[in-house]
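To begin, one chain is listed below as structure tokens, in the form predicted alone.
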């Protein structure tokens, strides 16, 4: 039986961590793109409703995979930081912590926004998620704004994360990015 973390070394992430990282990144990008497209569709069309469902499915998938990713990170740990200034290590730790918080907060805020709107979430159209609150027309706009704010906060943190990775790769040439590449 082949070890699924055959690429893992003390200085790089294993295959499971790498796959979870890039799969979550891809799903977040797809959920954002779909969210932008769906809200620009006027009216309540079948296409718009389908896109809302897909957007929710992506969100639930991100939430589940983020939980798996966090458990994997706790179980396997992370490679030690490369040699870099202390402020960069602290910034990296803060950025990663914020990303993990947002990987949970964004889908959960969308989930509760959907419930406040009176629309249950049915994962892949098959598995209904628990209805933890009744429709609430007062809370609905608050949760909608929270969801939007968290999404754009996440985009900013992702942009900084990406720019830092590119800086480490092209300027510092310290191998930080290569640790997360297959």
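As the structure is a prediction and not an experimental result, all values here were calculated from the model. Residue numbers count along the first chain shown, from 1.
Another form exists, predicted together with a small molecule; not displayed. Remarks below refer to it.
- A single residue from the set 121, 146, 116, 66 has any heavy atom within 4.5 angstroms of the small molecule in the predicted bound form; that residue is 121.
- Screening 126, 156, 36, 138 for any heavy atom within 4.5 Å of the small molecule in the predicted bound form leaves a single hit, 36.
- In the predicted bound form, at least one heavy atom of residue 111 sits within 4.5 Å of a heavy atom of the small molecule.
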